[in-house]
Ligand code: JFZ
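Below you'll find only one chain, the form predicted on its own, shown as structure tokens.
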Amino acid sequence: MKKHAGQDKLAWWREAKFGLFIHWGLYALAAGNWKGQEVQSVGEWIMKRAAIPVREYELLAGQFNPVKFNAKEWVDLAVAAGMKYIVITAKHHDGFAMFRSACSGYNIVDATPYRRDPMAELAEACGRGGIKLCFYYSHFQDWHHPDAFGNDWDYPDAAGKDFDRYIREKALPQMRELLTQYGPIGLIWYDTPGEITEEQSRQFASVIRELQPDCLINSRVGHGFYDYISTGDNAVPARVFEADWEIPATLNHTWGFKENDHNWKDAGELIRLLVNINGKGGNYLLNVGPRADGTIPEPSVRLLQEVGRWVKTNGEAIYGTIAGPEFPYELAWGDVTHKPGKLFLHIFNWRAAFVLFGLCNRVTRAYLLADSNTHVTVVQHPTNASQAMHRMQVYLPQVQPDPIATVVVLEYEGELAVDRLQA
């Protein structure tokens, strides 16, 4: 099997540019606290950080009853935010399956009073809402299983672990369930490959290639058996990254729900990140952590709705954009996204006029994306004996139409060319 699959199946993902990550599990019930004390970690790692014994952590399942979960509301929120796919934690490192699983009773249908499969309901809602459903699956760490990695307080004998048995008896059977029970899956998001061997990574990729050949795989599967790269958490590359890549990112600090984490980003910061990531060729996978009752915290809802209002107006400058270009100087006024024949100048810091250095192509038309009848004046200057770089003066309307970011469209001739910075 080739490590990297064909490129055609990436078309939907390259067009999407913006997705919703959802971290939801038993840890939402703990909400960052254990035995009356706040645990200093992200919410979904509480079992590990507090070294909670398996038998104690299992008791959360008996209390987990998300009666307010509404799959349609979740999908509607993703649609309102301008997102095109959802990646949800089918099983995180704590080993608890948020879906019906015949191979392990440690799942939401068999072990909780809820006794329903939210993944099935989400699959139906995604299909109706035009959203690609995708699953996160922790394939290396499983703190509940004695043969998997990560739990050294209940299972300290690392040398005695039979990781292949865990793969054979739980991980691969659960992957088969996820790939056969919920219709077409957009991608599988593996995590923390750790010390996984090349052959073990191959097995986790092969089950997907066998059952759903069009399903994408992220790079955290390990050993190069992927379709696109996942960067570090909240880690935006400093420069244009000419590969298929995606950044997983948070709205606050935690991923899973933590009641005391109020470190929310604002909508302007989220929009700037979306533009910056897209401008460097990446996808933005932005996370929410629902509560144990199945509701998404109000600040998350408000922020996603605010971002969505901006995306609704400026989606042409987001969806289907490609990497580059890298201009020779920092852009003090904002950022750029790109499609063949069009540059989208995202103006965050409004001013009456500014100079864009380095664009070699002739601009045939300039206007506001939100109102194509509002023309923008540009004056281009070619290189000459005293000016070794192309420069273009851009004159903006006196009043900024959008207080967060206004997009100016530059339609240009030919294949995009940008001057290199000379020493």
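So that there is no doubt, residue numbering starts at 1 and follows the sequence shown. Computed from a predicted model, the values in this text were never measured in an experiment.
Keep in mind that the form predicted in complex with this ligand is missing from the display, and what follows is about it.
Q: Since the partner isn't included here, can you check whether this ligand sits close to all of 45, 191 and 233 in the predicted bound form (heavy atom within 4.5 Å for each)?
A: Checked in the predicted bound form: all three residues contact this ligand.
Q: Applying a 4.5 Å heavy atom distance criterion, does residue 18 contact this ligand in the predicted bound form?
A: Contact with this ligand, no.
Q: Any chance residue 346 has a heavy atom within 4.5 Å of this ligand in the predicted bound form?
A: Outside the cut-off, so no.
Q: Determine whether any heavy atom of residue 342 comes within 4.5 Å of a heavy atom of this ligand in the predicted bound form, and answer yes or no.
A: Output for residue 342 is no: heavy atoms all beyond 4.5 Å of this ligand.
Q: At 4.5 Å between heavy atoms, is residue 92 in contact with this ligand in the predicted bound form?
A: Yes, residue 92 is a contact residue.
Q: Among 135, 284, 255, 96, which has at least one heavy atom within 4.5 Å of this ligand in the predicted bound form?
A: Partner contact (heavy atom, 4.5 Å) among the options: 255.
Q: Here the chain is shown alone; which of 272, 100, 220, 291 has a heavy atom within 4.5 Å of this ligand in the predicted bound form?
A: The option sitting close enough to the partner is 220.
Q: Want to guess which of 261 to 269, 225 to 233, 170 to 178, 332 to 340 is within 4.5 Å of this ligand in the predicted bound form, heavy atoms only?
A: Among the listed stretches, the partner-contacting one is 225 to 233.
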